[in-house]
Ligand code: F6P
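Have a look below at one chain only, the form predicted on its own, in structure tokens format.
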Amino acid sequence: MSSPSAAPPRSAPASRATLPAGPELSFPAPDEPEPQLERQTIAPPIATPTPRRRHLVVVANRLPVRRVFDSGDDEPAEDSNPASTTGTGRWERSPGGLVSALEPVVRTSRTSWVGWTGSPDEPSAPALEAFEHEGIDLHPVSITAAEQQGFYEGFSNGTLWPLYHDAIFVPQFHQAWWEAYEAVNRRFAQQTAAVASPGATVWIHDYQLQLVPKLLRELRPDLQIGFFLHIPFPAQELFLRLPWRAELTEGLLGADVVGFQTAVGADNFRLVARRVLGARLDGRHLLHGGRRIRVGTYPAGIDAARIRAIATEPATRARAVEIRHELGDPHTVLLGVDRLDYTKGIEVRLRAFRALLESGRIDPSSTVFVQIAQPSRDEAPGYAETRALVEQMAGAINGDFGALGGTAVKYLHQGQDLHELVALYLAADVMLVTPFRDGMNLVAKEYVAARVDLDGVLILSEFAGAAHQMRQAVLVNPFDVRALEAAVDEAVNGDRRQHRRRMAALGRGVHRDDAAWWAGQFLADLEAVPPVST
């Protein structure tokens, strides 16, 4: 699992701190044929973005920027202009996949982005002034502190998030939360209607804004409206628990194209729409309200070329060596990178790791498990309990198996920037991506893109959307501790040549179906919808 291209024997742990000087980019063919992605609902890949004339409006819960305060900066004044950098910090591009995924499209069209700044009551005026950042016109939507609690912490993350993730944590249903969700969705629709040019293409994103397509269509029937859900769409038995199931389904059917990460999610939605609203199936389309809605599968990708470029930088490779040294130069490094969330299965990972240590299949003196748990939604139900459990388990493992010179588990409750993450990917022999349920999980794809040396092993949950594409990974049931133990044992002690062949096949898929491919597929289908005559 180490990084050098020439495979050293596993009895030589010191060699693991040496990284190759350059990448192997040829991707040698594996022995077995590479499974192909199911593309029944996906158009043929688009090699390069085609010139576009329509105005593109992206609508997402958050703007693609965040406010950064340098030393000496004051907090934002209530009457401050968001574009100002004087005394109120400065705006910089947010980390995350959506803006990167849309970058090739942004370069070929006029693009506007409607979203929340992330800070409640900033400013308190009903409408915030638009501003431009890196060639994108940004149109902030104001959300009060009370609305943040009801719309975001409440209905989005206390009701929809657990329900859509198979009710791993019991969802809560509160009328006040729903009313806040409805009010904020209406405000997003109104802002978008004011921003969009005649006949513009509007792409709405994710579970926080499921009412916007219908509300926007009522205001602007001339627009081409698409919606993409980044998280799983649940089975109808779960969705039907929602008291507002009809309103949410109607909201989504306001779009011309409704996209999902997997065919399972798309099928679930078709069944729900037929049962809840009586929508009729027409192949992979739905007929409802005199309209024909395309329901498709569009698995999200990453900016694989950028990850690969970072991974080949000398500074990144040097940092990877430094990370292993800071960990005590172990023979094997296991890595988990997640938001701290009860859907990610971190506690099961720790339970499996402990069992391997107890049985002697993994030596605590030569193995370190690094778990990055980025803080997330601390106010939402279930998150404080998850953090307490994970910290307790990590501490117990270190108490029982750690040594004076180091710890068995290195647990960090903090985020990492992209360059540090890529260095961690390079330093890790085994990557554990084992959520109980996930729409896609782009960390799995980032790890593969970073392993330009074709080394490393990816252990991937069967219930992550990425598993539908990344079948050469070591797939595992994340609810089965013994199966996870066996997967880690195989990753650490298995045939390294076979692992390299698997990584080569995974790398081809990640680079082929990247972020630009994903955005191109969705927008090509959306812009093929005939415009409405007005």
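Note that residue numbering begins at 1 and tracks the sequence as displayed. Keep in mind the model is a prediction, meaning the values are calculated, not measured.
A second form of this protein, the form predicted together with 6-O-phosphono-beta-D-fructofuranose (F6P), is not displayed here; the remarks below concern that form.
Think of it this way: in the predicted bound form, 6-O-phosphono-beta-D-fructofuranose (F6P) has a heavy atom of just one of 306, 377, 133, 245 within 4.5 Å, and the residue is 377. A heavy atom within 4.5 Å of 6-O-phosphono-beta-D-fructofuranose (F6P) in the predicted bound form is found for exactly one of 508, 468, 62, 501: 62. For a residue to qualify, one of its non-hydrogen atoms must sit within 4.5 Å of 6-O-phosphono-beta-D-fructofuranose (F6P) in the predicted bound form; all three of 161, 208 and 339 qualify. From the list 410-418, 100-108, 153-161, 187-195, the contact stretch for 6-O-phosphono-beta-D-fructofuranose (F6P) in the predicted bound form under a 4.5 Å heavy atom rule is 153-161.
Although the partner is absent here, residue 223 is not a contact residue: none of its heavy atoms lies within 4.5 angstroms of 6-O-phosphono-beta-D-fructofuranose (F6P) in the predicted bound form.
Remark: residue 373 does not count among the residues lining 6-O-phosphono-beta-D-fructofuranose (F6P) in the predicted bound form, judged by a heavy atom distance of 4.5 Å or less. When 6-O-phosphono-beta-D-fructofuranose (F6P) is considered in the predicted bound form, residue 231 lines it closely, a heavy atom lying within 4.5 Å.
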